[in-house]
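So this first bit is one chain, no partners, the form predicted alone, shown in structure tokens.
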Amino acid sequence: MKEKSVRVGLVGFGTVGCGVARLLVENGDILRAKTGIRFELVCVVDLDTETPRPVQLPDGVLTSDLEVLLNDNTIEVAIELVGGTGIAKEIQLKMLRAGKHVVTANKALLAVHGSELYQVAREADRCIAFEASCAGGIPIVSALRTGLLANDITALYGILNGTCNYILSKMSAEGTDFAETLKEAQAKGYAEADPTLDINGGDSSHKLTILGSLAFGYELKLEDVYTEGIEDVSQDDIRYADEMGYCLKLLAIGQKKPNGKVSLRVHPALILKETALARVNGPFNAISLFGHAVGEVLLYGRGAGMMPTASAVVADVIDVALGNSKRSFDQVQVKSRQQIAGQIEAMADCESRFYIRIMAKDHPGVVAAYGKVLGDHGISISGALQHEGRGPDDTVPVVIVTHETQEKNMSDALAEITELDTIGGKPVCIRIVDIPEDKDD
């Protein structure tokens, strides 16, 4: 049988781009042995053609001219690793219209403009492959598109940002504060110089938009995801939660109710220390999926970095070359925005248990005062913790754990509690997420 050759173009020769080039150029024999296909990286486009990189390209491959890639009709697969939602969108559109299949790690672009790009790809009879967009080297997209396709996915819980997970793990283990731990994460390369998109939850929301669409079969938009970051996380709350058997994670949560409504949210969450996700520490990612037939599936690994992400990109290149990506792209269906009108649950209607820390003034009747407010809003207390000591304005910390209630009930109650004369400052409120246990009957 004649050996098949697939010519590949790459736009973006940064950290991940160098990893992709290394796998294609230096590991070509391994890929050929596994697939029977010879992959040729014939064009790499980057504005910077002078800075030395940790991979050596053949002469004439590196260029600053995108048209070289677009006009080469022998290039079947084009990889976009530019990032962002501006020029990257234009590059992908040009690639598709030039007859190239597109491979990308650009979660922000797909979360914001995915529907438009997918439509253009279908019109051009091409596909977009994006395994690397959601969790680095973890094959979560493949799992949802193929391995778990027979399941009705009812929930997913994900630690999808390594920067946040490193910070929260370090704060929990060593008692450091947020600002100090963030600086250390930056020094070790786990956080960007500008970490805003990581710590404010935006990065996780991009990924949840993509994964939620695949898991639930709905056309989702970024604005469907409620987003809250970790900027205000306090060492006090990590310590008190630990005493009560919980640890703090930034979770991306997607849930589908029996009525078809989908809840999508990213926020700090307390989970029991015995759960699998509670043991995911440092810069690692993990996703726990629940299917009606398979039960719980947990995927774990490195969610970012040069080679883990490059591994997922090259896996997509191979999948495109084998024809699998195109078949999946064409055949896997999602319900349109018109079909799911009213099916995205508002955050105010979501239900959970809550951790509340109140700085209560040491006055008679303070417990009765905040207890009455909670009761008036239908919120039941399941436990409480109080330490001796004094805070600002002669206050003492009181930690309350509630039974399940709607978000809007808690928001209204907290607004009233904040106005009480017996309370110092705004209460801290963190949602408690009860991840289901998958046990044998």
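Values in this document were obtained by computation on a predicted structure and should not be read as measured data. Note that residue numbering begins at 1 and tracks the sequence as displayed.
Same protein, other form: the form predicted together with L-homoserine, not shown, and the subject of what follows.
S.K.: Within 4.5 Å of L-homoserine in the predicted complex, heavy atoms considered, which of 158, 201, 212, 303?
M.R.: That would be 303.
S.K.: Work out which of 249, 107, 101, 265 lies within 4.5 Å of L-homoserine in the predicted complex, going by heavy atoms.
M.R.: Spelling it out, the residue with a heavy atom inside the cut-off is 107.
S.K.: Only one of 224-232, 160-168, 342-350, 274-282 has heavy atoms within 4.5 Å of L-homoserine in the predicted complex; I'd like to know which.
M.R.: Going by heavy atoms within 4.5 Å, the stretch is 160-168.
S.K.: Are there residues in 18-57 with a heavy atom within 4.5 Å of L-homoserine in the predicted complex, and which are they, in order?
M.R.: Sequence-ordered list is empty.
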